[in-house]
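Consider the single chain below, provided in structure tokens and representing the form predicted on its own.
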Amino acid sequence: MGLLSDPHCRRALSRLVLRLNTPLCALSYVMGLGWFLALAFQPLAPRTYMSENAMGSTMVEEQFLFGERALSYAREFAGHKKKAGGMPVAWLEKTMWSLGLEVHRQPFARTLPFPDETRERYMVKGTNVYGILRAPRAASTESLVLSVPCTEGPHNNQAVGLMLALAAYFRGQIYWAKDIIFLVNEHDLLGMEAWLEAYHDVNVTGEVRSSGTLGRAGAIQAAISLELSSDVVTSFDVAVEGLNGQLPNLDLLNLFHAFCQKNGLLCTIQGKLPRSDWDSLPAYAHSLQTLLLMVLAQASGRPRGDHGLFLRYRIEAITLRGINSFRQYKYDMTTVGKTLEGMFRKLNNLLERLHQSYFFYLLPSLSRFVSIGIYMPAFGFLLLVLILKISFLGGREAGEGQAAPSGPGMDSRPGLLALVPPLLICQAAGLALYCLPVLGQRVATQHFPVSEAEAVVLTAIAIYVAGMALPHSTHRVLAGAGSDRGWMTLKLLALLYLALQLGCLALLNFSLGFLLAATMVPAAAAVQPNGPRVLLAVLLVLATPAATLLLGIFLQRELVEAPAAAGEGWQLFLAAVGEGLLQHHLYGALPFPFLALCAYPAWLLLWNVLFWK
């Protein structure tokens, strides 16, 4: 503080920033990337530990022995589902009633903003069925949820069977202090969103039509979504990324890991098994791959399972996926049931919501984590590049203002009002990108031989590309457009806008903020109309959010060891654009509106700076 308050030191610091601005920016950027790559090293990723005292020990004697009964339920469910051509609602209700549960159904309907060609649906109708096991030792003030999505084909039949077997076993126990809800939801996330909105009596999306929930339990403390499609499993993969990059409390993940270790189950995250040799280079590369996969998944803003929508309601939840691969050791339904029994018995002991462990973290493996205090400096170094460049432009403008002669007609500095037109034009382009693809789909299908889904995606791409041509002439309305001060003022404003956006975004979704900063910051700092324009134009095009999405798709396929060719990558890019639009309109995902209304206009301002005449 003394350094900044002393005017002599402040002037010396300003001169240093002005003289060494480019080396300082390059050093800060390299340090940001280096810090991020170092997060997979053992010193920066300590071992996970249980923070909640009520779940600190795994000394629970699991007694679930209904493995064969679970398989019997699964076969019955598969037969009735095939006969009904969908979810067998009547059979589920009858079976749950026979187990002594309080059973309810919830019909719902939802019309999508445009057809979902990936899942081949537009007007969706379905029914959620759930049974409530009332706690014999409490007054229904708190509850836990075990959910299973009912999907088409033979998928998830074993998960439904295991859920019913667990319900039969739990019904005979007297130690439950919380209600337990056994939920079978149809149409994956759409059914889950309809059930959650009805259960909490809210209307978040405004488009779901349902009959509401006739029966309620207590306030939901935690939820587990189960996906299981085989009689035996070799491992369990856990999904933690929720809507808009939200994560569950780390203690819930630690609880799952502890019971997997106790029962000998292999558990993975991002499909990667943890390694024990942390001090070797292959182990570091393995941890970095796992970390990058989590960053890409979180940056997408898409929930990686039905658990992702629970997090919006402050309910800690994870999705468990049973994997049956080529590994030699396999585990039956009894072992899986014991693991789930132990988790629910531990959650039953909670006296308050999970809150003592971390909500912001990255996972290089299931046994190690990186907390927010460790990974945030990586983003801070990238943001420092923009701050240094803003200081440089502000210092240059102040120096030129003092050196310029004063007099009538001599001030070529554009006023604040003169900066309004380029801001409005760039922001209008972002608003058009946000609104027109869905609103103009009918017009596009009438004039072009494309489907409605293709029309939405192609319209978005067309507006995105066309917006690059709009701001080129906006500088002509500025006073003093022919001087350097015009583009410097506009760039200063663009850098301030970008720094504010990225700083706010990183607090909500670190992964998305870091990826955008890693790609946009170098181009934003380097762009100017006086340099090698072709090289800077290529750099700026590669830094656009659309290019970041495309590069992220190729990187993700490389990390999962399934590289995509150029044509396949383009098709995945088109699918990702359509999925992003759907996720926003259906569930309120934020990446698309942020990119359209914030990141894209900021990029257009930089594009305008580059082509300043």
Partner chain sequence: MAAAAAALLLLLLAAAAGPGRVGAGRARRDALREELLLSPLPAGDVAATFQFRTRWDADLPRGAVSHYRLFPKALGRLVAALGVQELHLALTQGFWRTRTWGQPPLQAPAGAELWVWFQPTVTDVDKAWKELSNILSGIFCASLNFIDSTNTVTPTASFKPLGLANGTDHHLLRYAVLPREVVCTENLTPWKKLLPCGSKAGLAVLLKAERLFHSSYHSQAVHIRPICRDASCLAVSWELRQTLTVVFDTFSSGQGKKDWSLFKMFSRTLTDACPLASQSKVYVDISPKNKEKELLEVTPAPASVYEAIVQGDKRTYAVYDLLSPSLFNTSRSLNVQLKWKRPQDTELPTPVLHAQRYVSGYGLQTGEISTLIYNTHPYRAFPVMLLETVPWYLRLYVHTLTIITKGKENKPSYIHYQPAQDRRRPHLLEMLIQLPANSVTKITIQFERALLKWTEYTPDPNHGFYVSSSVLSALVPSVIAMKDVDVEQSPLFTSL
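Only a predicted model underlies this, so the values are computations on that prediction, with no experimental measurement involved. Numbering follows the first chain given and starts at 1.
The discussion below concerns the form predicted together with its partner chain, not included here.
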Single option in L255, A432, A135, L166 placed near its partner chain in the predicted complex, where near means a heavy atom within 4.5 Å: A135
Listed residue that, although its partner chain is not shown, lies within 4.5 Å of it in the predicted complex (heavy atoms), from L507, A469, M123, L351: L351
Exercise: D201 in contact with its partner chain in the predicted complex, heavy atom 4.5 Å: yes
Partner proximity in the predicted complex: Q173 to its partner chain, non-hydrogen atom cutoff 4.5 Å: yes
4.5 Å heavy atom contact, L99 to its partner chain in the predicted complex: yes
Its partner chain contact in the predicted complex: L535, any heavy atom under 4.5 Å: no
Region of this chain that lies against its partner chain in the predicted complex, out of 140 to 148, 523 to 531, 379 to 387, 257 to 265 [heavy atom, 4.5 Å]: 140 to 148
Residues within 4.5 Å of its partner chain in the predicted complex, restricted to 311 to 326 and counted by heavy atom: R312, Y313, R314
